[in-house]
Structures are given as structure tokens and as C-alpha cells.
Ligand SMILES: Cc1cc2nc3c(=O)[nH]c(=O)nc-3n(C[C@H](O)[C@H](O)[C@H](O)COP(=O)(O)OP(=O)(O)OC[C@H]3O[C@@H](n4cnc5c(N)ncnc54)[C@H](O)[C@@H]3O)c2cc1C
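Only one chain is shown below, in C-alpha cells, and it's the form predicted on its own.
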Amino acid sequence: MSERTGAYDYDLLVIGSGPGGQKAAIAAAKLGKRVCVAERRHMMGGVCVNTGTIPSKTLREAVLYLTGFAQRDMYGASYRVKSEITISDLLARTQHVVGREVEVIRNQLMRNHVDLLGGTARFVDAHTVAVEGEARGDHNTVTAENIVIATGTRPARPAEVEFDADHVMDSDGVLDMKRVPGSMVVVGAGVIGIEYASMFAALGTRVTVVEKRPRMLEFCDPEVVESLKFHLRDQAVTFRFGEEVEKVEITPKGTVTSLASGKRIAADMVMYSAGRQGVTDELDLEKAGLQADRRGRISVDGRYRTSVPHIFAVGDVIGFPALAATSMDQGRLAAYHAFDEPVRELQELQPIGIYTVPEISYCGRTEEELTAGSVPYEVGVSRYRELARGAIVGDSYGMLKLLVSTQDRTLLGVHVFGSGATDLVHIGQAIMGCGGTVDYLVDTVLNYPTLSEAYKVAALDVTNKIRALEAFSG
């Protein structure tokens, strides 16, 4: 590894332009530093914008709108905005949103005088990176005092599975589908697998979910997960838990998935959701004195610094929680740490959002965690069907659950299932983050009619239970 003296081309080089990379570059630019971002030309905005968060959530909105799914409670199960929904109907909205987001990100970086290098980055040494463009001879070698790796992840592909982008695909391949399948097998009941399973079920696709574990979404509240499973089964989703896929055969009419138990499932398509793999194989990490684990992830300390002090890593490539929201702040903090700027660390209390149909979101602890920790608590529940706004929007299944300490009445957890869950959760998060109690919700006027009113109803429910407990206890 060569030692360098004197000036570098840049104060900070960021590899990857996803949420973490963007925020790292802009934060450093705001500090007056010379910054550049290396990114493949067709991937501006990273996985988040091109194949992950943005297109999948846009696809979900297109499904909800075109199927009229949210209105069926009022207008009947046969209600549709468009009777025949084609793949071009679904992807038109996605392509529009992705194109717009790419331009927004490009403009933000250029407005902050961040140089953009188009191509694939590889380490030459710990301070030097070669950026190889798509065109022959298009080649840049740049040096930087500090480097942030924000290359994200790609879907993991089991070696024994033959992916053909038509019958057998990963989650990226969904965005290149040529038709809406009549039936589909989803292998893996993690967040991505269940999100896509629920989307296709809303479209009318007959979905079978195969998961080798006995449960799905194990980190979520079990009551909420049961509600989601009930709802998906009502959409004709079949679950095969404790089952492993042995092989997938492509036939003239579609696919046949064989399970280790001997079951065989015929379907138009198979989508694998087998976790994610860090995009580090092309970086030549060893030339910078770094290495990744078997899933392509890079280890960092609490300041997002790798084992090489001037090289940082942020976002999905460092592993859990692997969320766009946390990646943004990780990038910002890494830039500050790189230049020894004073900065406050992130709050430990962070929300989780799962964009199934319907949504799930939670913040804080679950009942299982509180029970395991011997923390005394009481539960307050509000159901959307009891709210005026729930009737107005046609959501009869949604619910909000508050977990409240019976000792000091603080909020210990908030769990939401239904319309607007990923927005609603932030009210509980804010109260918890400020150390507030359930009494704040009881004593506060909330707009009516809104779904936020669920907090008021759940707060009254739990305080009545606590009052009754105190009365019985004397």
C-alpha cells in the first residue's frame, strides 16, 4: 500500500449515490470541503431510487390506486378503478417517479458543487480510487483524504437456482416483469417478500409464500403479524411455513416448485427473496486494507469508521438496520466524523415501517420483549372501525396498540397496522423520545375526524385499565 504526502484531489470521495452517499457528500460540501461521488451512470440515486425503496413503494401505490383496493370495504370486493391492469399500467408510475427522483438527487449534488464521476469504482490503494466508465477508455483515477463506502446491497441469489428474469426472478426482476402473473410463489417471508406478496395478492394474483422458519416478521408484534396473515389469507395467499425449496423447474406453462417435504407447487412465476448481499465484490477492498464478510458487509465502529481510519462505510453495506432512513443519517454523521466536526449521535429510538398491504409500523418494544425483561406494562388498543375516519376511508381492519408502563405511565411501545401506519407511528415516537407519558395523549385535543385519534382512544383504554388495576389493588 503506497503512502501519500501532499494534497489530494478531494477532501472526501463517496462511493455510491444512495441515501447514505448523498447525505455524506452534501454534509461534507456544506462544510466547505471538496467532494466527489462515484456512481454507475444508470444508478444515480443508488439501489434505493432505482430498484429498491422508491420503485417498490411507488408500485404499491399504483396497485392500491388501480385496483381500488382501499375502497372495496365500501363499494364491494368486485370494485376496480381499472378492470384489466397491465404491467405497463403499473410501471408507468414507477418510471415517472424514479426519473424525477434521479433528477432531484443530481440537482442537489450539483447545486452543492459535488463532482459526479460516472462508472464503477475500485480501490488502487487506501487513498486512490479508479473509476471505470461504461465507455471504453473512459477512466478516472482520483485521490481523496477521506473515503465513504456507500455501495448498498443487491438481492442474494442462491447458487442452485436458475434465474431467467421471466419465470424465476429476484426482487429487482419484479421491476422488469413483462406481465402480471396469475399465480406466483414467493420464497422468503422477510420484509421484501411479504411486501411483494401482499402487492400481488391485491392485484388478484394467487400467491403462495414459502418460508423455512416457523414464523414471519418475527421482530414485529405477534398480534399485528396475525392480523396481517389473516388479511392476506383473505386475499387467497397460502403460507407454507417450515418448508424449504428443493428445486424450481421451468416448464412450457410456467414453473413447478418442489419442496423438501415432497409438496409441489405450480405457478406462473417464482420470486426469490433470500436476503441481501453487500455490493463490495468489485471494490478491490484488499488494496485498501479492508475485507468484507461472506454477505459482502463491512464492519464499522460507532463513528462509521472501518479498520482503516480514513475510510468510512454507511448504509445497507454495513448491515442492520439497512433502512434508507437510517442510511441518510449515517452518511451525514460519517462526514462530520471524517472532519472531526462536533455532532450529536442519533436517537436510539427508531421506527420500523413495512409497506405491506395494509401497512405495519412500530416503535419501541414489543410485548414479548417487555415480558422477557419482566417489565410491568398494560395495553391500550384502538380499532379503526371504531373511528369516524376509519369509516370514511373504508379501513375496517386497522388497529393501534400502545404499551404503557404501569409504574411511571411512560410509553414503552407503539404498534400500528392499517392505513397510514408508517406516518402515524411518528406521533408515538415523538412522545417516547421526549419521555412523555400516556397522560399527554389523554389531556391533548387531536383533530377529528382523523386516524391520529386512534392514539386518544388507545390512551383512554389503557388508562382505564390502569385505574381499574389500582382500584383493585387498594
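On a predicted model such as this, the values are computed, not experimentally measured, just so you know. Start at 1 and count along the sequence shown; that's the residue number.
Only in words, not in the display: the form predicted together with the ligand, which the text now covers.
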Picking from L66, M43, L412, C36, the single residue whose non-hydrogen atoms come within 4.5 angstroms of the ligand in the predicted bound form is M43
Only hit among V393, V168, L323, M216 for heavy atom within 4.5 Å of the ligand in the predicted bound form is L323
Exactly one listed stretch (86-94, 396-404, 342-350, 310-318) reaches within 4.5 angstroms of the ligand in the predicted bound form by non-hydrogen atoms, and it is 310-318
inquiry  = Check L12 for me: does it contact the ligand in the predicted bound form (non-hydrogen atoms, 4.5 angstroms)?
reply    = no
**Request:** Examine G418 and determine whether its closest non-hydrogen atom to the ligand in the predicted bound form is within 4.5 angstroms.
**Result:** no
Any of the heavy atoms of V279 lying within 4.5 Å of the ligand in the predicted bound form? yes
- prompt: Is there any non-hydrogen atom of I147 lying within 4.5 Å of the ligand in the predicted bound form?
  reply: no
#### Entry: Heavy atom of each of S198, R206 and G254 within 4.5 Å of the ligand in the predicted bound form
no
Residues in 352-366 that come within 4.5 Å of the ligand in the predicted bound form by at least one heavy atom, in order, are Y355
